[in-house]
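For this one, two forms of the same chain are given in structure tokens, first as structure 1 and then as structure 2.
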Structure 1
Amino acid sequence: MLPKSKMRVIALLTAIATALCLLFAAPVSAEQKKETIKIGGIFSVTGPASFLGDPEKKSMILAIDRINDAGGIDGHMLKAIIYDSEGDPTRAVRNVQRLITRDDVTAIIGPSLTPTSLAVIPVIERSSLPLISCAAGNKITDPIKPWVFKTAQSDIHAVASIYGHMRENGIQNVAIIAVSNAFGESGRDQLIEQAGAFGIDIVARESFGGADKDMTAQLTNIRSAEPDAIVCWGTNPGPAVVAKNAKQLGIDIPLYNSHGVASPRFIDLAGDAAEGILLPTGRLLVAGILPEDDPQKAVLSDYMEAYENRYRETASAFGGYAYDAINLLAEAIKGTGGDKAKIRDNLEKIQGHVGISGEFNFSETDHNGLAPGAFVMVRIKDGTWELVE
């Protein structure tokens, strides 16, 4: 038998503990009444395009956790269900079907690539639920499909930035060298299509394989066409080889690259040969050197800090596509209670949403919502990036 005073203390503690339990349990049970909204994600987490899918998956989880920590949307919690497409269109379609029929998701983020995105569009249109793709190809939202949106900047914007810079510098004759895959072909088509509008003549067109080791033959052809500048369209390591070979051949005209190589990795690979190369990039890469009055600066540093604190790796623009997609979706879900058609209508009405990739202004005729200003031109100087006016 315990002394009376000790019994009283125990009783008091028990009472406090019970009260505390009730206090904290109460809001939880109230929240549980509001249904959780499930959001599907399909990214190329493994496979050759994992450099896109991996940060996208991590950013989606990060964005959803941040929303839930802030109390969800109108009290609804969000839940991410993410599948890996491995960059394979067939697998992406299977993932979408599974998300719709088994997991009963409200909306889908992804896929990461243009081919996988195009493959899932018919299923999305049939099932009537919003999809926000993280791929760059402009075919995804052109022509407009009612349920399909995308957050990544298009080749259109990249080409417009490059040609804009060329026009200001009096460059007229341009040679193109592009990687022979969907990314390169899409870029080449845009370069050809927009050339007229900027008064640019394309004097040579060459291509290279993604794993080729030597592009001197193509560059020799280009040199004999005597262009004022070269545009190289590809992802690492091809463009680094082009840069090295151009230096080897002593070609000293401006070399432009696509946003496909906008990562410090490119500078590592190309070394000295990267000096002076011009390319368009989203603002994330140059967040540190952006002027203070840039509207995106706060959003960018907030995202980068959160991402880097959580995953202990450098944030990339690719992760930003998924991060923007979730935040846009969250904005559209407000006040709908999870109704798919209303979410779609709200997405189309979003104006002035400042995200990682730029300022989004969606409309009935624009499901990408970005302007060419989403890109800035940078020059590689002394092994780092330098903003170009």
Structure 2
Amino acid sequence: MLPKSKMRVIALLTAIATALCLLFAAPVSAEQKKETIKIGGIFSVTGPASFLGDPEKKSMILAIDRINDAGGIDGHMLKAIIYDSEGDPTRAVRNVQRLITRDDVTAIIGPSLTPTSLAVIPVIERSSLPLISCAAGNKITDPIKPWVFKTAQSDIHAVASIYGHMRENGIQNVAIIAVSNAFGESGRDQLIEQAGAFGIDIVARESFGGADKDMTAQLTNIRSAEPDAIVCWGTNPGPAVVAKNAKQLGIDIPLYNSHGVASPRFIDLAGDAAEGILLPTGRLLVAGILPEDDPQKAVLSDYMEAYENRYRETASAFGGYAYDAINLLAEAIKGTGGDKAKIRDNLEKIQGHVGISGEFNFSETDHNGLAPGAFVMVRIKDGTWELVE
């Protein structure tokens, strides 16, 4: 056992050492990184809509990594916490609740689909935190919900693009076939509502289930109505089945699709039946043939190069929805310290943000922020996309 005098010396030296550690540690603590801002993601990463959710998840991670590599936002690093809804509204709601109550996120990106987005909105509104949906349904932001925004182009503008092209080509009598879910209903409603303004007569209306594998009966009914063209409104795989069945029945009139199939996946699913199909889409699909002075061209090229170099797969407009959402959110976070209400207010003030889906100009009365010019019309030709002038 040590003498008491030596024990006192050891105790004194220990106290001095501890004090010195605290003294020198204080400046380091002051220089520590600011608190991380956690951003939630809800995407259909697996399941029938994985062609949407998988690139959205990857694009969210890519965007956050690029922001962090550049120093974060006001010194704050961003952290992604992402869950898979599998395209199921109940699972989406459960995961949003988890992000809010357990993960304490500052904002949420997604969901991928209109039905899942509509399902989570009541939870978002009660919780008062910003959500930027990656789905297209007009009802997501119309009427305005204070905490809800979206980056996918609106059904309103998609329908106007289709009908504008029809009017230019003398098409008047039109048949509609739409998927029986919120996305299909939103598109169908717009197709009916806008028809009169473009001189369009709806001569047949049919629907199909998201998992249906044969639409021969519906297309037979449509053929008997003798339309000049057909509009199919849905997301894969249903529209690919419609295309194949129409070809099998020898229906030789223009077939238009919604922007919900604007990805190479649709061409893969429809095969030869995709040839000649027309649809509105953002500019990503035709980025390589855009004029050099197009405001989006540089942004699109940068995103495509970064995405394809990282993931070794082709970038899609759907991934662009999440990429835009993160960059819009990053802009809104500046100067807020992560305060949710201030972020919401800043989102609503964003003007002139050139993204993958178009130029965003949010306001108190517009939480989508995109104009009709965000769309171009394309035709599928020889297994790829052709810009329709």
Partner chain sequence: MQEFLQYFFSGLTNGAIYGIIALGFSMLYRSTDLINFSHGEFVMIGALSMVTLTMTLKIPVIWAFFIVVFGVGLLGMVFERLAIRTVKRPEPIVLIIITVGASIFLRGAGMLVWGKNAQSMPPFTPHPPLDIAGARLLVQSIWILVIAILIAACLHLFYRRTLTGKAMYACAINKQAAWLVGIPSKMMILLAFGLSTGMGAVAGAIIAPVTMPAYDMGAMLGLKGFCAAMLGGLGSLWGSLLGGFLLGVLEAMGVGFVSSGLKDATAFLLLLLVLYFRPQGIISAASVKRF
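Only a predicted model underlies this, so the values are computations on that prediction, with no experimental measurement involved. Residue 1 is the first residue of structure 1, and the numbers go on in sequence order from there. In this text, the rigid core denotes the largest set of C-alpha atoms whose superposition between the two forms falls within 1.5 Å.
Shown as structure 2 is the form predicted alone, with the alternative form given as structure 1.
Here F208 and T114 end up in different rigid parts once the change between structures 1 and 2 is broken into two.
Relative to the larger rigid part, the smaller one has turned by 14° between structures 1 and 2, according to C-alpha superposition.
With the core fitted, the CA of T216 sits 6.5 Å away from its counterpart between structures 1 and 2.
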